[in-house]
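For this one, two forms of the same chain are given in structure tokens, first as structure 1 and then as structure 2.
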Structure 1
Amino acid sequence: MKLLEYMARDVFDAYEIPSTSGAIAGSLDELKVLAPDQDYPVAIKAQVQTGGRGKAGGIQFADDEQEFLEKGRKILGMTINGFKVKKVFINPKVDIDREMYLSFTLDRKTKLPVMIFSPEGGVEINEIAEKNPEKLVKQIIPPGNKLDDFFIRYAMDKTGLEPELKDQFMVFCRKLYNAFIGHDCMLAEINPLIVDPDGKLLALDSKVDIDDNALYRHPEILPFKDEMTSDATVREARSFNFLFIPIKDEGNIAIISNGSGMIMSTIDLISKNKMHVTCVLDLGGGATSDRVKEALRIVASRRNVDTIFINIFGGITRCDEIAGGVDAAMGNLGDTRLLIRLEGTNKEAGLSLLESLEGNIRIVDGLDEGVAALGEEVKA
């Protein structure tokens, strides 16, 4: 889960990482309430789950109330990289003597945390990484390590960071690493980490991505996941611990399956045959008949869905439970066509139940046969 900046700032505050305070507004009326109390000049920052907002005009400065309202309203109406701006974060404008970059992220190859530091930062950090990789230091942190001073000193020495910043920089590194570990992060980033004219370090921007599988350990953050999801079907599916993914508005085929690999293979083969998947739902493992019934109801309620391809390879998910869910849901599916492929635990019992059902159901023996059957339905 990618936290918006103001949410990430709350995480930073919990670990006492020095950063700028701010206020949130989600409408012109809220901006009007905040305007008289601002200590101008201020920065107005779009809150979106994507990078590049600065270059897109999503960060602007205001010197007075009129400019504050004009620029705040303009940013709230923006779309940045496909994300509509629904909130802005307002901070006092800070004088900057220097910008740096600091982050901890998960190295997927070693499955270990990696510290990344550059004495240059800001909006051009990706360009710096490509054109001047020697200005970036990356260090893998061994399992169980509490970020020994050695790693921090090495980053400083390698990049030539000034000795007078040593004590502050070491504190920043330790606190950011503690936030990365303590909040189950995939990424904890400060860009820019600035040096102000008084020589003090300050996190001017904050980015935190939390492992979705660990959100249950952070109940203060979990509600924001639904708040940032505009699709009501996604939210409803999530309430049953399903993963629902809209694909294309113009599609008519929905997929219900168990496992991302199975889902991706099914989408790929359907698309290769010039048909369109509008949405998918991942049941997860161990789905019961009651949950399968709810999954079918959720998917069938989606606009344009007239065909549902249920593609199940059952391990802990039993095929007879899938069939039981289909049986329970049949009365509420109307004219929706079902293509069903079952493989795995209790397959025979599941197929036996499905064969006894009346309705617009077709049983197929594999993925290829299922996609071929979808093609026949389209031609019909």
Structure 2
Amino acid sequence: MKLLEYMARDVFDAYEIPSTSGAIAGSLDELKVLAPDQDYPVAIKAQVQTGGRGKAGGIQFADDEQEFLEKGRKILGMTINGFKVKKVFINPKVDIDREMYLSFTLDRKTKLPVMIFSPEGGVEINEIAEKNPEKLVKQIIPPGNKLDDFFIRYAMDKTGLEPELKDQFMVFCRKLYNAFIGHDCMLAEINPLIVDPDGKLLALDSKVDIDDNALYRHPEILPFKDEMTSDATVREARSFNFLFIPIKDEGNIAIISNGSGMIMSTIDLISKNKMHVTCVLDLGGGATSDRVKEALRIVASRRNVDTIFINIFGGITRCDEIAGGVDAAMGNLGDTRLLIRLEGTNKEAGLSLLESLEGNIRIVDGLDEGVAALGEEVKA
């Protein structure tokens, strides 16, 4: 789960990573309450789960109350890379001598943490890698979950970091690494890590992505999960323990299946046959007819969906439960076309129930056969 900057700032605070203190506002009324108490000039920053907000005008500065309200309101109305700005984070404006980059993330190849540092920050890391590769260090941290000081010293020397910044930087590294390990991070990033005119290091931005599977260890963050999910269908599906994934706006086909691999394969086959999948829903294992009914309702009500391909390979999932769910949902699906492939546990019982149903439903035997039938239906 990618945290918004102000939430990530709370994580940083827990590890005593030096940064500015800020306030949060989600409406003009809240801005009005904050306005008189600000120590101007201040920075107003859009809180969105995407990069490039600076370029999009999502970070602005205000010198007085009037400017604060004008600009704050403007940013609150923005949409940046498809993300609606619902909150702004207000921080004192800081004078910047220079900007650096520091992060810890997971290297999938070695299955180890990696520290990435550049004394030239402020822009996207890929840009640094392209323009100044000699100013970028990627250091793998070997097994044992300990960040030894010599790794940090090596990174500092390699990139030519000024001696007077070294002690502070060492502390920053250790603290950010502690946050990365302690908070189950996929990514903990400071960009920019600034040097102010007094030579003090400060985290001016905070980016934290926490492993969804470890959120139970961080109960203070768990409640934000729904708030961080902008798609209402995804939220509703999650409340039933389904995984709903929007694929693309183009196309009218939805897939319901019982496993991640099968879903990917089904999308691949349909796409190969020049059709478009707009969304998918993963039932997981062992879905009951009541839950299948809810899954069908959720998918059928999604915009653009006119055909649902139910592709089930039942191990712990029983085909008769799937058929029972289809039976229960049939009356409420409107014009939605159903194409159903059942294989595995209790296939016969499932099929005999489906065959007795009336409505816009077609039964197919096999995945390839199902996709071929889908082609006929969609073109018809």
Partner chain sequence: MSFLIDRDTRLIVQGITGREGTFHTEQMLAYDTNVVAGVTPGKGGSEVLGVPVYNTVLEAMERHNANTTVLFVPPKFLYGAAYEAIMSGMPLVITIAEGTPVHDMLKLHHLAKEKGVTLIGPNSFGVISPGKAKAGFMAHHLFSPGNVGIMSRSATNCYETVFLMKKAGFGQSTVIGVGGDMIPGSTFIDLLPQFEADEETEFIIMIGEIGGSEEELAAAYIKENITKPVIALIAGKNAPKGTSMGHAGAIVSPDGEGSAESKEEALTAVGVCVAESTQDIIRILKGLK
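So that the term is clear: the rigid core is the largest set of C-alpha atoms that superpose within 1.5 Å between two forms. Everything quoted here is computed from the prediction, not taken from an experiment. All residue numbers here refer to structure 1's sequence, counted from 1.
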Quick check on the two chains I just loaded: which one is the form predicted in complex with the partner chain, 1 or 2? 2
Any chance the CA of residue 324 moves 2 angstroms or more between structures 1 and 2, core superposed? yes
Core superposed first: is there a CA shift of 2 Å or greater at residue 310 between structures 1 and 2? yes
Core-superposed comparison between structures 1 and 2, residue 301 Cα displacement 2 Å or beyond: yes
Taking the rigid core as the frame, how far in Å does the Cα of residue 270 move between structures 1 and 2? 3.9
Using a rigid core fit, what is the CA shift at residue 334 between structures 1 and 2, in angstrom? 8.9
